[in-house]
Every structure is written in structure tokens, then in C-alpha cells.
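Next up: a single chain in C-alpha cells, the form predicted on its own.
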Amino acid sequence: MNMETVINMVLLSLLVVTAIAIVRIKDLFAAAMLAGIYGLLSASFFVMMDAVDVAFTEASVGAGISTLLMLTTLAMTGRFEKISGNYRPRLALVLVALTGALLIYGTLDMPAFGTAAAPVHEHVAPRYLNDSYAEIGIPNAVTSVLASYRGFDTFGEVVVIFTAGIGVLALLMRAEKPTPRTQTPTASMHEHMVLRIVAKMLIPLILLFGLYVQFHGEYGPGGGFQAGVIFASAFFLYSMLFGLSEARKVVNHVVVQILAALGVLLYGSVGIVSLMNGKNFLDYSALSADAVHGQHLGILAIELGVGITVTTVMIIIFFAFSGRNQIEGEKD
């Protein structure tokens, strides 16, 4: 048994233990932190499987932003789980076991893990790995697949993210009356002096790293999804340390909502331009006389749209939850 196999077994064992602990624990704060640990373990496992782009996304979303949003939600709902009288754990266990059995049964017809005779290794993967650089001109095959070959699917994902932001606004939006600044529950500067000084040094670096991830996705792990989450985390950090009212002065809520729509519009506009030039929707070769150069332009534009939408939707969700919690605190 080689070292890689041992590491994979250890990671999978830790994933199982963490998942069981999340199910059994009643402290929701601890469950949220364990969920972040689960995301970090998953990212480590993806790295061992050479799926670095997936690991990057899991680390930034699963272990990062998702955990932060759950903690923000706990500030509104309370730390400990409240079990109602109608709770039936045995029925839930039966449903979960039945669903798991059906999923396992569905995998029986799948080819063995890693076999070279699997259809994905005979048709799709060779095309992407062998021909993508000549057709797209991008070293990172993952970006070629997501942004070009499967550009329409990725466009659907961006629309889903935008719809999620609209859904959060629809659920949490309420009439907010402006309150005097003295009523805003922000901590005074001397209480978090060290954290605020460190944050002022880190936030520019976080934003700079977000730009690197945004425009480096063609050559390595990264792209609009990961960069958007990194950008949003910088604004989250500022809001948590300097207060929501100060963050709203830096990030105008109306502008953020407009940018969320413009990101989706930018992505879709690239497809419209392709159609107007006699090509298929999101066929980037129509953007330039050189087909490969057109692919570069198209991917750069749609990745920018993805980054803008992801960043703004994350900020919308965070402000919606944090703002609601602030109003409840003022009413209490």
C-alpha cells in the first residue's frame, strides 16, 4: 500500500467521522465549524485526486463563504437546536437509508473506478485533453471545458446564482426605516484595534489575490467563481470589523444589485454577439478573425461576468442576513 492510498483512506475516514459528528451534535455553532472542516477535508481529498480546480472551489466556497453565511444565520436563529414534539428520528433514518440504498444500487452498472475502458475515457476526456489547446489555446483544460465547450451550462449556473440572490432579497426584504447613527450597534475602534489594523493590511492583498485568480484561470486553477468568492470575503471582513453601516458606505447596495444583473448580462451579451456574427450562441470564434484569439476574448469576457455576479450576489446575501439581524437587535 503506497503513501497516496494511505492519505486517501485517512481523508475519507475523517470525512465520515466529521459527517457523523455534524448529524449528531446539537450545538449549531459547532456544527457550522465542523461543516467548514468537512469542506476543507474535501478540498484536500480533491487535491490528492489531482482535481485542483475543484479543490480551489471547495476550499473557497465550502470551507469559506458557506461557513461564514451559516454563522451569520446563527446570529439570528440561536446556537442550539430546538427539537419539536413532531420530530421522528426513526422515520428520517429509514428515508435516508432507503435513499442511500437506491443510490448505491444505481452505481452497480457503472464501470470500475479508474478503468481505462470507461466511456468517459474513450470519448469525452481524450477530446478535451488532446484537442482543447489547439482549438481554444488555453493551457488549463478545465477552463476550456467550463468556459467554452460547456459555456452554455456555465451560463445557466451563473443565472442560478443570480436567481438565488434575488430569492434571498425577496424572502428577507422588508421595510427598513433609517435610524440615527448612534443607534447602529457598531463596536468602537479601541475594542478591535489590532484586528482592524491587520484587516486594513490584509484587505488590499485579498483583493489583489482575487484579481490574480480572476485573470489567471486560463493558465492555472481559478476563474470567475473562485475570484468572486475571494472578493466578497474581503467585504465580509471589512463589515465584520468596522460594522455594517460603515460597509454600506463603502459598498452601495443599489450599485451592487445593478452589478449583479450586469454580470449576467455581460455573459449573455457575448452569446448575442456570436449570434449576430453568424455563429452559434457563445461561439467565441466569432469575436475575432483568428478563432483562437476570439476564444481568449470570449472567455475573458464571460469570466469577468461570472466574477462580477458571484461577488455581488455573495455581498447581497450577506447584507440581507446581517441587515435583518441588525434591525431585530434594534427592535429588541
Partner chain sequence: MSEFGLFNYWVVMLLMMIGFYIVIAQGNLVKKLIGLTLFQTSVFIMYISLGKIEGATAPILIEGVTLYSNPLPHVLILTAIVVGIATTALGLALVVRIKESYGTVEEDEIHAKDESC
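Positions refer to the first chain, counted from 1. Not measured: the values here are computed from a predicted model. Superpose the two forms; the largest set of C-alphas matching within 1.5 Å is the rigid core.
Omitted from view is the form predicted together with its partner chain, to which the following refers.
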> Would Val251 sit within 4.5 Å of its partner chain in the model of the complex, counting heavy atoms only?
Replying inline: no
>> Can you tell me if Phe113 lies within 4.5 angstroms of its partner chain in the model of the complex, counting non-hydrogen atoms only?
In response: yes
>> Please tell me whether any heavy atom belonging to Ile315 falls inside 4.5 Å of a heavy atom of its partner chain, as the geometry stands in the model of the complex.
In response: no
> How about Ser239: is it within 4.5 Å of its partner chain in the model of the complex, going by heavy atoms?
Replying inline: no
> Pick from Val255, Ile197, Ala92, Leu208: which has a non-hydrogen atom within 4.5 Å of its partner chain in the model of the complex?
Replying inline: Ala92
> Considering its partner chain in the model of the complex, which of Ala247, Val142, Ala234, Ala260 comes within 4.5 Å of it through any heavy atom?
Replying inline: Val142
> Considering only 38-61, what residues come within 4.5 Å of its partner chain in the model of the complex, judged by heavy atoms?
Replying inline: Tyr38, Ser42, Phe45, Phe46, Met48, Met49, Asp50, Ala51, Val52, Asp53, Val54, Thr57, Glu58, Val61
>> Core superposed first: is there a CA shift of 2 Å or greater at Asn252 between the shown form and the other one?
In response: no
> On a core-based superposition, does Ala117 travel 2 Å or more at its Cα between the shown form and the other one?
Replying inline: yes
>> At a 2 Å cut-off on C-alpha positions, does Ala97 qualify as shifted between the shown form and the other one after fitting the rigid core?
In response: yes
